[in-house]
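One chain is shown next in structure tokens, namely the form predicted alone.
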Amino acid sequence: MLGGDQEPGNYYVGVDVGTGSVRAALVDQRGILLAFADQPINQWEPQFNHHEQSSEDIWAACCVVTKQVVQGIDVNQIRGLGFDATCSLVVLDKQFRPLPVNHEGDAHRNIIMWLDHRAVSQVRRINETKHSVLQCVGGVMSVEMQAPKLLWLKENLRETCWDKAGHFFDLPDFLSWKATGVTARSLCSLVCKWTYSAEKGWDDSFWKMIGLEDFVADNYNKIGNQVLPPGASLGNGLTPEAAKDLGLPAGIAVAASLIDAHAGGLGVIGADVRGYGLACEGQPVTSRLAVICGTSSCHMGISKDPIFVPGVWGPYFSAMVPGFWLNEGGQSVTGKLIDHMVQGHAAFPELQAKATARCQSVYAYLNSHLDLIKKAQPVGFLTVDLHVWPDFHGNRSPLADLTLKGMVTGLKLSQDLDDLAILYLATVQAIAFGTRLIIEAMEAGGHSISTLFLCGGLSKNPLFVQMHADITGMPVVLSQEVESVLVGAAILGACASGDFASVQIVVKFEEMQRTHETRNQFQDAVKENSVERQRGRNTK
């Protein structure tokens, strides 16, 4: 983010709500992250495939981390605030109080998380309608989207939740409302997860067809009838109450929000790569695929004209970068799958003990252990007899089949640390092959992709990045600033402040201060920058 005529010393705050934690950053007008803080948040799984959180818990965590990152600076120099979050469903009553999304009646748990799969029968019925709005979600709606979750609430919690509900927010929009009192929704949230059209608005016939005609009757008041582009300034800025909670000045600009993956895409896809000898230097931004990889992975490609790709969400107009169409592929579990495979192995206690003794994360230890056992062969060949099918939580793209399950072939009776390391490698490779499958589907649909731009927690893992380069056959570009999602959130605040005329201008001038073309250069680059890259944070 490079400035125009701004005075030096302007700051922006970005807040990112992920699956397991809330993070905040203080970013200057050059896009440099000056301070970082994170805070874990609670999750509940009352039964299999039901995943819930608390909006009160999340807002409290936002306040903690924001106060931490602005310590020691003149808060009057903070010009804007931007939020991003997972696309989880927040339910409030008519007085904006939490309502229960569970059979236990616990109103504190008022969020159905993005990865929740309770609405399987509802999404199947929605897809059976073959309604035209499904064309813009790859032809098949995902159980992770909001319409099936809303229908589940109506059919299962009519008295305790549905009849009392006054507001259904996507989590990013809840945060911007909490900060400003403005109930306007972000175009990003509504277009990507709620079937809203940037060109046509809501489609009454869809909601009537699936049994949610309630929203049509009240002019969509409960789910949003005022829609703003990401980065637009909301109302009169930060309210005095929210300002006190967050430790920021009242009245500073607050931006219409983004979904977390889209903030990551915004943070990297416009990066300046001139001077590094990369093949993508002379290519248009539409040749880039932003891969935001954390608990799950999202694959964000943009185009000047709409491209319809079966099994890949979109095309969504202006949902991430204004004026461009977005296609969004994804894998339902990636970081969560790696954790599941590693932590469930018999050798995990041994791994934990050895990693702790070396003051390493378990994944840093596994990476070094793979280097030890690979001998003269490339590390990838260690899995010649072991293979993982990674759809343990269904397939989001491009097969769009939530009923798919995971599989491991080539298991033997041994369960030592070598076996755990090779299973970990096979899981990472399976995820990379999933990315390759998504790229092939997008290219078959009309995209022309030449370079991957990775960000998110897994992009801090050298093995994960290397396998993506090897398996896709494409160079991988990383930013020296690994917290691209937070930079994306701060870009929103910068735009809302008026210091930049539009999100596009901020992205145009965003500086990637250092890039690396993965393959031969990557391992050396990681070693050179390991201290700076890790900054004391373990690989996720």
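Residue numbers here begin at 1 and follow the sequence given. The model shown is predicted, which means the values in this text are computed figures rather than measured ones.
Below, we refer to the form predicted together with a small molecule, which is not included among the displayed structures.
Asker: Tell me, please, which stretch of 276-284, 219-227, 385-393, 335-343 lies within 4.5 angstroms of the small molecule in the model of the complex when heavy atoms are compared?
Answerer: Among the candidates, contact is made by 335-343.
Asker: Closest heavy atom of Asn10 to the small molecule in the model of the complex, within 4.5 Å or not?
Answerer: No.
Asker: Within 4.5 Å, heavy atoms only: does Asn102 come near the small molecule in the model of the complex?
Answerer: Although the small molecule is absent here, Asn102 would stay clear of it in the model of the complex, with no heavy atoms inside 4.5 Å.
Asker: Tell me, yes or no, whether Lys460 is in contact with the small molecule in the model of the complex, where a contact means a heavy atom of each within 4.5 Å.
Answerer: Result yes; Lys460 sits at the interface with the small molecule in the model of the complex.
Asker: Does the small molecule come within 4.5 Å of any heavy atom of Tyr363 in the model of the complex?
Answerer: Tyr363: yes, in contact with the small molecule in the model of the complex.
Asker: Only one of Gln429, Gln466, Thr195, Thr295 comes within 4.5 Å of the small molecule in the model of the complex by heavy atoms, so just point that one out.
Answerer: By the 4.5 Å heavy-atom cutoff, the listed residue in contact is Thr295.
Asker: Could you spot which one of Gly456, Gly80, Gly231, Gly301 gets a heavy atom to within 4.5 Å of the small molecule in the model of the complex?
Answerer: Exactly one listed residue reaches within 4.5 Å, namely Gly456.
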